[in-house]
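Here we start with a single chain on its own, the form predicted on its own, put down as structure tokens.
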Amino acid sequence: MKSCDPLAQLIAAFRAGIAKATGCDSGSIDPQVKVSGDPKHGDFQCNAALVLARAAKVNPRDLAGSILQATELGDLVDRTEIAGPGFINVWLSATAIARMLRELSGPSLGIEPAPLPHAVVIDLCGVNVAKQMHVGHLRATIIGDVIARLHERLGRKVWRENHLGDWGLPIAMTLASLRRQRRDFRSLTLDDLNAAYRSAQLEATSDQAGLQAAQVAGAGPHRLAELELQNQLACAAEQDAKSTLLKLQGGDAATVADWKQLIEVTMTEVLETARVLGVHLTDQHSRGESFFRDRLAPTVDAFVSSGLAKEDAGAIVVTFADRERPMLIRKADGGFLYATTDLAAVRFRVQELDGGHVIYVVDARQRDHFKDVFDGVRMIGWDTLSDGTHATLSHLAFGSVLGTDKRPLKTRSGENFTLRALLDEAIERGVQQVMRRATDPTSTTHGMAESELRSIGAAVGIGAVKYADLACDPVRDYVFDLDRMIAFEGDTGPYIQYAHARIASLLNRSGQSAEAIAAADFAITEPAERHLSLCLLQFPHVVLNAAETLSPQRLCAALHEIAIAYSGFYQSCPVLKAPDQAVCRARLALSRLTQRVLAEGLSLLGIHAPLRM
């Protein structure tokens, strides 16, 4: 990666130079090299002299001069200058830029394998059986998928884990309700299950307080009879659910068969939604709460026997020295909780999946829950890997999806948007945009078959939704505004897709073969060529950084910057009408490399890169 990464090369050179100039240990030196904010002040800046001079009580400009004199930059740099109080401004040589572009244009696009000694485990999606996917699942699914793609691209072992909510009393309530209705489980749809889930909750809802209040107030016999019947039916429904749960836990064949049917109906919809989203998610990635059911009692026993948990009013809790809230891991009635399951899951993911980094892509509102779980895991030592090192446990929290009124996204009737409804709307908007543009006789899509236009429109619509989500800091809420997201201008997915398609069209119109373009030499003579080249050369570093920091938004920002830089290059540097064939081929080579980088970046985001738009 370093051979085509100017930032990495400059960091290494200045680190060695600073060590030589100051006598400091090179391993402890931060050269503070960064991309310049203004090309008038160079391509890069080294700002280490200001910090080091303060500590050594010397003049920073003098120290900057010593550092520069001791730093071997070779032909990487064309010129340098010391500016202001001690900034070192650096301009790369055109020869070095061309050489690094050639390295970048190899099959791997400069992204060298960066394997880890242990696996990366990513908890994503997290759907519940018998419930429709909603907009919250959008973020958990696509953010988790991109983090997985980034780590996979770096050659790491990745486990995608869809923690399916398929166990416990709520599922048993739904199962029991459907059985009371004598429903044919083989003909159920997810809408049927969703309705049954809601009705089961209502059926088991009693109102003892209301009955007591009515009795005290001397309500009429009709009202009292209504409340008594409600409570009787609720009690019967609850008992039926508990009986069904016992049968399920006991392995009753008929009950287990019906339960598996609920899972199949749910997962059929989930996997189809993942396909539409362009997310890599299969049955093999789904490991439900039921998988951990036999590990829950041993989990509680382990915390009790280690002295980390205690009884509190019949319940079992884990206490922490730095907070008042305890973590409840077994209720007084013997029931287990989400914390119990998550403790067992983290132990499994670290010790059996060999997870050196376990990442939970879950709603920010679960922050306290995961702090408790992770601290509990560390206290009992379940974060220890086979080689004695400790796993990193991360909660990649994300905010809410808001409507244009800045409130949680709802339908006009006040219901939560189902994810499929949202995606269907996005696809339809994308199709409308593509078809409208295809009416222009100069458009590359003019005259295409409707089926092809619809396919491109679907890619545009889904790409718009995914990019809008991924481009912002995950922990922030964001506004779901399809009019803005679907635009072919601005910081949007379609803008980057369109930039890719425009370059593909240019290359096609050039009449040059892919082999001829690939064999052309890069030549950096114009400022716009230089700016685009520097943006492209940052790509390998961005991919590594986005993976290491769990920040897909950094990749989005880099792709947007490249697309803007290419637009500037295209306006300033004629390609097909270049002054001569050598310049034309060099600019075609730069265009082809840009297209490849955009396609690779979009692929890492799980977004399709159409060749025509």
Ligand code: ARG
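Start at 1 and count along the sequence shown; that's the residue number. From a predicted model like this one, the values you see are computed outputs, not experimental measurements.
What comes next is about the form predicted in complex with the ligand, which does not appear here.
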Contacting member of S510, T71, S105, N128, with respect to the ligand in the predicted complex [4.5 Å, heavy atom] = N128
Interface residue in the predicted complex among R437, R160, H163, H541, criterion: non-hydrogen atom within 4.5 angstroms of the ligand = H163
Complete contact of D123, Y338 and F370 with the ligand in the predicted complex (any heavy atom, 4.5 Å) = yes
inquiry  = Please identify, from 444-452, 168-176, 359-367, 84-92, the stretch that has a heavy atom within 4.5 Å of the ligand in the predicted complex.
reply    = 359-367
ask   = Heavy atoms within 4.5 Å of the ligand in the predicted complex: does D469 have any?
value = no
key: Proximity of D145 to the ligand in the predicted complex, heavy atoms at 4.5 Å   = no
message = I'd like to check something about H137: if you look in the predicted complex, is any of its heavy atoms closer than or equal to 4.5 Å to a heavy atom of the ligand?
response = yes
ask   = Heavy atoms within 4.5 Å of the ligand in the predicted complex: does E529 have any?
value = no
